[in-house]
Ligand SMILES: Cc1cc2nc3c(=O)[nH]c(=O)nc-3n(C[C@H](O)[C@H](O)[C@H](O)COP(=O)(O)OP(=O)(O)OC[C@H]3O[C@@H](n4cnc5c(N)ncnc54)[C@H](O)[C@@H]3O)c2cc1C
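Just the one chain here, the form predicted on its own, laid out as structure tokens.
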């Protein structure tokens, strides 16, 4: 790789490239605990032109390239599937290019975080609608588009962040730079509309998990933040899974334009309070499930009517309001007013310090998730002997279940299910059997959830390959995907291995 390194160094200078062993290992992990591939080279380009040159060299040398945004993917999405290759670190490309206040769009470099972008927009009374993923303090905008991300807030009203996409600049795997949307017309100066000038090629790169091109610039719709908002938190009665599903459905059927609607089921509340995660709920005697809503409006009258309708739905379902202030337990107010959405979303993964996530986050219809949660309980019991292996050494059993379940567009929710577990390093010792056991349990969990007909979005290496290995894709669908991949990336150098599209020097 020394000759490849020298060629790449000429593109970005020695300051923005490294083959140092420590740096390479730092880029061999993201959030998941059991997958690891160590790259040969890490490089930080500054623009699309540099990325184009990098990809051309990678094609010449048949070397895999792995784009990496914020590194927050939980399925191995932003690191090599196997050892070797070039990690393309996008975080140097984190600038705001243009805010069009007339047409309400913003164009940014793809490496910028959702947090930085929305901090900028708030000075103009604007926001991105969907605030990106729950890891938006560090997660990149390009990564969010690659994953159909949700979770940061506003998903019940705006849907996933790809719903707000207007246009893209993309470097194709072979190095060509393209514009989608309105800027496909060479006479257009700024993106102003997504659909037109032919097929919607933006959609090709939404949810592609980085296999079809490197997103370098993203143009999003932005929205005026409404002047009025309210937010309430409720304690649910028993049989909370069925009750929460009923509430989600009734809100949608009533046509209420709710900004956020989230459900945190009872086990998370109980264990979370025991672990000191939810001090605002310490005063609650009965640690039952929690559900909260946020609603926005452009007038006091509109807000009052929405709140009246929402409160009636909760009260009809025998829910108990926790009071208007954060000190009363109103996590909805903290979530919206104090920007808690980027600190709160993955509460399952933070329940016990040092435990790591094996996630199974997915989209599913409202009426389906109570059954999936019941089946996860059954899965947990069936794998009790495996779980006991961890307990015997650590004194702590892995925890399966789901973090917050949140309403997204349509009559769908995001189910943030999975289990927390221990990495192989514990208390100064390496337990090699932990890694093998985690991998086997994770595959078993994902297969179980897949067969409920869920929709994966943040697929990375693990879920994308599992779908292929399980033959879960319709054959015609996978054949078409492979045809598109081969047309754009004939040597399969970009995000090699995802969806079992192999190439490079394997």
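Positions refer to the first chain, counted from 1. Everything quoted here is computed from the prediction, not taken from an experiment.
As for the form predicted together with the named molecule, it is not shown, yet the points below apply to it.
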Contact label in the predicted bound form: residue 191 to the named molecule, heavy atom within 4.5 Å = no
Is there any non-hydrogen atom of residue 240 lying within 4.5 Å of the named molecule in the predicted bound form?
-> no
Would residue 417 count as a contact of the named molecule in the predicted bound form, using a 4.5 angstroms cut-off between non-hydrogen atoms?
-> no
4.5 Å heavy atom contact, residue 27 and the named molecule in the predicted bound form | no
The named molecule in the predicted bound form: within 4.5 Å of a heavy atom of each of 67, 74 and 146?
-> yes
Only one of 167, 210, 80, 154 comes within 4.5 Å of the named molecule in the predicted bound form by heavy atoms, so just point that one out.
-> 210
Heavy atom within 4.5 Å of the named molecule in the predicted bound form, from candidates 290, 413, 110, 310, belongs to 110
The stretch from 273-281, 120-128, 212-220, 240-248 that lies within 4.5 Å of the named molecule in the predicted bound form, judged by heavy atoms, is 212-220
Using a 4.5 Å cut-off on heavy atoms, which residues of 124-151 contact the named molecule in the predicted bound form?
-> 133, 134, 135, 139, 140, 142, 143, 144, 146, 147, 149, 150, 151
